[in-house]
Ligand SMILES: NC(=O)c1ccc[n+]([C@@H]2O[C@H](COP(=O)([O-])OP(=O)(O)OC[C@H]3O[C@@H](n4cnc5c(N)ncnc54)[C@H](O)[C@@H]3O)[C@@H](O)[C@H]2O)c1
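For reference, the chain that follows is the form predicted on its own, supplied as structure tokens.
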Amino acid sequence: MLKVGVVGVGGISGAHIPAWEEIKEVELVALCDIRQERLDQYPKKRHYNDFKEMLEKEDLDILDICLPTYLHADYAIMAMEKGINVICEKPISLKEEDVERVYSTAKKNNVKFMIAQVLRFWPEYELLKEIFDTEKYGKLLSGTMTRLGCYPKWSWDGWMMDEKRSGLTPFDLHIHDLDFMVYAFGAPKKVAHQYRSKRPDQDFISVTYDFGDFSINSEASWYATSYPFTAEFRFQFEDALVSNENGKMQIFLRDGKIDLSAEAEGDTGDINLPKSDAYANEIKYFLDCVMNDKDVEKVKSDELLSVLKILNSL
């Protein structure tokens, strides 16, 4: 049985920890966070307030990093230098040079590494990619993706509202949709249009990407209101409109019919505790790569680098 540790017991860990607990091939043995009150929620696990101490005392096979963005690369490298396989929340870093630094460490130490870009494992988005790849409804003509919510004043130490540590909306929210675009459709040929409204208490970005034969507009926001988190898309193909809106995945066909069979079971839930099993899916995928010594093909370093280059150019 493989031993797993989690560092960072904040909001997103609430999706990762239950997923690990449900997998019979692993044992979640240790949690690390500087806030003891976060650890106290899990009394049956061994607790650490110091990451280096956890690395020294625990014989981990896998580390799951759920820390703030600016810590991802350094903590991943520390673990991999100990021979530990690492799955890490997105993004890999704000800095492009960290992609090579992290992946070269993984190669040197013969361990697996994966950034948990969850939309690649989300059923509705996986179906969209399949429709594009198979041309089931003809060529893609246009797309719209939105990821909207309120300003994250709840974040520890206000790190998410600090551009140097989080990258703000582009690196926290917009990165999800951009990463999926690069994964599903390849890197865009150019940024056709961009607009941003950035203030101390809110941040909105709208970007249109040109892929040559089609374009995709993506909006992301932290509004200074209690606007509910919303993640949706709408893609126009030659023979159908594929829509994931208002909690429903629907395909509107040219003949006037609506294909409801595309709707995934359950719904996307809220931002911290999604009802979808996409988080479990990405963890199970990574575990399979570790257990069967497979390359982590679904999340490639060159795609991550392409995303960071685009984000840093906005």
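Quick note: we count residues from 1 along the sequence shown, nothing fancier. The structure displayed is predicted, hence computed values, not measured ones.
The protein also exists as the form predicted together with the ligand; that form is not presented, and the subsequent description refers to it.
Remark: residue 33 counts among the residues lining the ligand in the model of the complex, judged by a heavy atom distance of 4.5 Å or less. By the criterion of a heavy atom within 4.5 Å, residue 161 is excluded from the residues contacting the ligand in the model of the complex. For residue 66, a non-hydrogen atom is located within 4.5 Å of the ligand in the model of the complex, even though that partner is not displayed. The ligand is not shown here, and in the model of the complex it never comes within 4.5 Å of any heavy atom of residue 304. With the partner left out here, the ligand still marks one of 205-213, 86-94, 134-142, 232-240 in the model of the complex; by a 4.5 Å heavy atom cut-off that stretch is 86-94.
Residue in contact with the ligand in the model of the complex (any heavy atom within 4.5 Å), chosen from 103, 121, 183, 75: 75.
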